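Below you will find one chain, with nothing else, as structure tokens; this is the form predicted alone, and questions on how it binds or moves follow later.
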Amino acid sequence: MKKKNRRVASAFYFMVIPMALLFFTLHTLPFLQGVFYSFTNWKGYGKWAVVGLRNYIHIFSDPDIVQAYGFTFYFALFATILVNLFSLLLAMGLNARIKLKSTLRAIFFLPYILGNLIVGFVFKFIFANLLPPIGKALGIASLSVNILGTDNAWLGVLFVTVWQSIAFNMLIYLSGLQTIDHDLYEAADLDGATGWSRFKNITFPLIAPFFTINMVLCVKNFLMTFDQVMAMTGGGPGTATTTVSVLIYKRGFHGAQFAYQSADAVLLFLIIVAISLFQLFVLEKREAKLA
């Protein structure tokens, strides 16, 4: 009887094994191939030879890659802070006792459903054709020109990225806020706690694990920013908004630097893993202090 209970239904194997094989074939295997090619001089076509660590060593002396990493970290920092700030504020507002709560949640979540490239192309049109006439009519110099063609192009990309990313983080914060027992707030009211002290001593400590999740996901996603940049600026003007992912794509597939940019991709992967592990270590340690 015990042996019979330990047996796993074969249906589970039929569901899991094909998915595992597909994941390995379409994800893990190409990744391993990319790691291998990063140690070669392959251009994406023709013959190749193993060159060892030459690609990795050359990365640190390539000014374009250094600039791309600088902009990527700069962009990811601003995007992470703004997304978590606004998504937490929205989540707290939508978790309150307000009318049309479900409708408002659906409206605020709508941007996340739309494709990144579609949103990017729509806002590219807005910045180029709709805002300049409005800015000229109102006498606002900053709106009278297409921001995507100026040195502040990254601000336009940042605005769109933050606007579209808020929805998912808001959902995570909402799920965390809904786990808090309202009796805690009632007890805090009896003690005369104000809104800020309630947030500092009750709300934030109890949603700290959700904050950790959002921070790790935000940093990972924004360090790999690609769609919005390609749709809105293509990395321009010049290389002003070129992220690491955009540089890897443009040079790897259009610049005959497949192996070299494979090394760049592996380096980016290692950096993201290291930062994510560091975040988990620091934030989980903070969670333990808040608990």
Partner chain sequence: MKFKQAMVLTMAAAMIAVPLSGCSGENSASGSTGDSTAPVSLELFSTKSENSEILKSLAADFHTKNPSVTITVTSPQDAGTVLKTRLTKNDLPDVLSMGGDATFTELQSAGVLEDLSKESYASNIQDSYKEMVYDVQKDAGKALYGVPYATNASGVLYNEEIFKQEGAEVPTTWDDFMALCKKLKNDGITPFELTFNDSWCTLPPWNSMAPDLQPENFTDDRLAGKTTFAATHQEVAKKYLALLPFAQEDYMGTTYADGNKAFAEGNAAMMINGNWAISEFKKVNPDFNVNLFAFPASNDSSKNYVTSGVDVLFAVSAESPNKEAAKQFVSFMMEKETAEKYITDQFAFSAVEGVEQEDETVAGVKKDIANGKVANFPDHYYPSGFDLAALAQEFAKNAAEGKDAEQNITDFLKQCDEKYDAVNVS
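Please read all numbers here as calculations on a predicted model, not as lab measurements. Residue numbers count along the first chain shown, from 1.
Below, we turn to the form predicted together with its partner chain, even though it does not appear here.
At a distance threshold of 4.5 angstroms between non-hydrogen atoms, residue 124 is in contact with its partner chain in the model of the complex. Although the partner is absent here, residue 265 sits close enough that one of its heavy atoms falls within 4.5 Å of its partner chain in the model of the complex.
For residue 256, a non-hydrogen atom is located within 4.5 Å of its partner chain in the model of the complex, even though that partner is not displayed.
The shortest heavy atom separation between residue 246 and its partner chain in the model of the complex exceeds 4.5 Å. Proximity to its partner chain in the model of the complex, defined as a heavy atom within 4.5 Å, holds among 84, 203, 146, 95 only for 146. A heavy atom within 4.5 Å of its partner chain in the model of the complex is found for exactly one of 216, 76, 174, 162: 216.
Three-residue candidate spot 99, 135 and 188; no residue lies within 4.5 angstroms of its partner chain in the model of the complex by any non-hydrogen atom.
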